[in-house]
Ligand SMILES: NC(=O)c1ccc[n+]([C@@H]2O[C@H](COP(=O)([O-])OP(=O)(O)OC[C@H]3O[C@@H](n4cnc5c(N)ncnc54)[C@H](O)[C@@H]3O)[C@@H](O)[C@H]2O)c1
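Coming up is one lone chain in structure tokens, specifically the form predicted on its own.
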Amino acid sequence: MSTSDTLKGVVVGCGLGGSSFIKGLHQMDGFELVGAADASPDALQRVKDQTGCTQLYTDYRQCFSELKPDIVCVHTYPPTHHEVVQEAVKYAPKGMITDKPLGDTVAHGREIVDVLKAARIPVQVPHGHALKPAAEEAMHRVWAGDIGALRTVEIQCVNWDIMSAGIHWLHYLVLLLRDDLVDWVMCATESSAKTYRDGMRVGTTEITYLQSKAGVRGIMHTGDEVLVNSDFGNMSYRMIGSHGVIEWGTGGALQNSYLIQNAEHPTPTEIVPDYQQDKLKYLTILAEQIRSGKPDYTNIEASLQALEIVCATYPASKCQCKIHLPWDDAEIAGLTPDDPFWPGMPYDGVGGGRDGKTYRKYT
């Protein structure tokens, strides 16, 4: 395949997430939107009105069978991702875009990763903020040691939850940590508003806490009533090192920049990267991997790790425990919230227990 060849793509799921890739396939050089699938005829009519595309389907299976596209972009609800991806693989696409979260469960997310890697199909998960210039440059500065050794990452995000937006921030954290894997996760979540998004039940207010193998702490505040104490509006991402701090975010006047404070910048200094890009760069990255024949699964494997963290938060909160990673299906399934030992209640001397006055792990 030469670099001049056009990659023919279809989009399954024509809502908010799919609309960006409908636009990208329709307008970007080297791509062609040849079809779309959605259960809603109204959504398909919008695609026709906006792009002139006429190969429109309410059945994605028929779409794949008749069009046999080079690229499949999956933007359906999370519980359906694994079904759509597995069906698409039957027609040997050259590459795929699969929306976040990979699945509604870790098992479904793992199925997607395994089937795509087995078929050597390049894939990208559009965690758009990982390609945000300020976030991208900030990550490289952390890797370069510009704030010393990374100690703590603090994330604040209002009006969104662990699953819908937190998975983006956790994906970025996994990339930031590189070879330092997340060791365990704890969480406190409450669901008083009974909120749901993208076909998934989510928390109203949530605090996620995690620790990496090397001891880096991650603290994430998400939910409807989170006060973001930052100049970045509705979301702040702070990386605290042994010799400095870097912060970026998604809102406010500073949303296209980041702040750094270190030996070179004794007071917080705004840095504005000299380039701009958006999540459609994932199409460009995908095309490069297709044409080189060298799929790189770093992005999707980090997304799977982020899904592991997200899915660990809920049983950790319910069962008042740490969830150790990597995810163990049998171990998680065996958890029970019925442990009679509840902190804050008098100790009755039965049922086991450890005397904290005599136990010391570190001396």
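From 1 onward, residues are counted along the sequence shown. Predicted model, so just to flag it, every value in this text is computed and none were measured.
The form predicted together with the named molecule exists for this protein as well; it is not shown, and the discussion that follows is about that form.
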116 to 124, 201 to 209, 96 to 104, 238 to 246: which one contacts the named molecule in the predicted complex at 4.5 Å, heavy atom to heavy atom? 96 to 104
Just checking whether residue 168 would be counted as a contact of the named molecule in the predicted complex - the rule being heavy atoms within 4.5 angstroms. yes
Looking at the partner-bound form in the predicted complex, is residue 350 within 4.5 Å of the named molecule by any heavy atom? no
Indicate whether residue 78 is a 4.5 Å heavy atom neighbour of the named molecule in the predicted complex. yes
So, in the predicted complex, is residue 31 in contact with the named molecule at a 4.5 angstroms heavy atom limit? no
To verify the annotation, which of these, 65, 27, 40, 298, has a non-hydrogen atom within 4.5 Å of the named molecule in the predicted complex? 40
